[in-house]
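Okay, so here's just one chain, in structure tokens, the form predicted alone.
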């Protein structure tokens, strides 16, 4: 073994490797399936998996949650195999184990890295006490197309914000110490570009330039690597005309050599054998060679490695030293998790005491309150206790508001809107939606939306409208009473233009998890104040998709002074602008921005730029505001976005309070990959833009010198 390689790993790991046969080494690279009610693809023979565990031919197991079976399998590995190497148990725990938190897209609306770190810490606590070692989270794919069902797992469309939140997820799960019994290992996914699948169709082709990859899609992964994420998962798609799982340029060249990632690289579910469908491999053996040669360590579920790597090594196509390094990475993760010392450390008697406790449920409610976004309010909210409130709509008593990838969360544990309002002794409520009852109500709270399984993996859509029967229901109630507050549950931005026009208020609840009803009641009654801001643009019409804030300018931009002028970038039947822009969200407070200033006119790479702006809460509500800072390159060697988020601050303002907010920028904040793929700001003028969202901004200009 290469001494330089050996020096990177603990002695216990090296000693274990030296005892292993070639078959046992290959086995560590196999993540086996096992019978589970959590099925995300093909089903496999569980008895065959047990046989392989006894032979030391399995390194990890996917998606089992039954503690009794987990313990049985671990005992089989430790007590019945020759070397007794423990298994790693992995599970897709994306926004909660038993306590369901809001879906990740909703959580990103909080812009609150402390909240997300606390949420992922709570998720890790529940998970680690139920026998699971690793979660396939965070998902840090940049998303721009709401037709793609997996936008619900993401942090939205901005690379800077996603990078900040990705770091919080990893730190919450791993807690900088995998030996901590309350922590679990994290796996960031999907490397890379999956969020730009053509037509928003899952598993589809991706085509982008290297510059777009580096500027937009790579930063969140870099953030997780700097946070020492344990594992990275490849994506299903092709990129640069090669499937990611067999893309040597990306896995060895970019992840290993350029970014210095030291953890394990794992395929997605059967994506190794699927490179045959991509027509880059002729058969299963060729697939095994190409994926391993590209730098893939662990194969999830497919059996190309377990069946062919040994032959490829004996034939000389693959070097055993390269196999050794993959095995060492896996063994080191088991060492870091403490499994080599105590394989049973994640098992507890009466593990139910560690789940669904009051603290995690309280955190779920807080997360839901901060994740929902008030999109419209024509002075109808907040509700008053003296009002007669009519509750209606197909989702008003629904518990199906958890969303996909919610692990062991149970809809029965969800508190609905109706249940939350009904528990109050001070409110006057009714659920009678007859014409007479609706007409006599002071305000109608109507709950509409998607069910939990209408978004998520494999749930791409072309029709992003609410179902026709829901629209018909709204129109019927609207004909009786115009004072309607619409609450919408969804896993993605839907086309809600009609509701924006007609409803007096729109609260977008996403899929908020366990405490859906209490959180919504709290927001509508001003027990807490809306503060969420959307991280994914809402289209006005589905024909605009993909639509996102950080787009490039065209040579013929839309001319607002001549809206019907034909020869510029426009639609003849729809506005260019989205219904709601990135960063948008209302509060019950009104905030005034003024006095934007910068402390210098020229910024060089040895100095800092201080940006200040005053923000005043003009209302009687104490409320949080997310103040956003963007830049715009006025010239550059290649096209750059019209706006690029570079900083934000979330502040609490008392009624009538004014605060002077400061941002400090360096030249690095202005850098982008230029014509020669150099990360530089070049020497140009830039606009500094500060405001409440990506559309409403106050501007200053600075000259940036990067030489």
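The shown structure was predicted, so the numbers you read here are calculated from the model rather than taken from an experiment. Numbering follows the first chain given and starts at 1.
Another form exists, predicted in complex with a small molecule; not displayed. Remarks below refer to it.
K.L.:
Name the single residue among 329, 190, 130, 308 that comes within 4.5 Å of the small molecule in the predicted complex, judging by heavy atoms.
P.N.:
Of the listed residues, the single hit is 190.
K.L.:
Name the single residue among 228, 325, 457, 632 that comes within 4.5 Å of the small molecule in the predicted complex, judging by heavy atoms.
P.N.:
Contact with the small molecule in the predicted complex is made by 457 alone.
K.L.:
Please check if residue 92 has a heavy atom lying within 4.5 Å of any heavy atom of the small molecule in the predicted complex.
P.N.:
Residue-level check for residue 92: yes, a contact with the small molecule.
K.L.:
Even though the partner isn't displayed, in the predicted complex is residue 365 close enough to the small molecule, meaning a heavy atom within 4.5 Å?
P.N.:
Looking in the predicted complex, residue contacts with the small molecule do not include residue 365, since no heavy atom lies within 4.5 Å.
K.L.:
Are any of the heavy atoms in residue 448 no more than 4.5 Å from a heavy atom of the small molecule in the predicted complex?
P.N.:
Because no heavy atom of residue 448 falls inside 4.5 Å of the small molecule in the predicted complex, the answer is no.
K.L.:
Although the small molecule is absent from this view, report whether residue 63 comes within 4.5 Å of it in the predicted complex, heavy atoms only.
P.N.:
Yes, residue 63 sits close enough to the small molecule in the predicted complex that at least one of its heavy atoms falls within 4.5 Å.
K.L.:
Do heavy atoms from each of 372, 400 and 508 fall within 4.5 Å of the small molecule in the predicted complex?
P.N.:
No: none of 372, 400 and 508 comes within 4.5 Å of the small molecule in the predicted complex.
K.L.:
Among the candidate stretches 604-612, 429-437, 519-527, 262-270, which one is within 4.5 Å of the small molecule in the predicted complex when only heavy atoms are counted?
P.N.:
Of the options, only 262-270 has residues within 4.5 Å of the partner.
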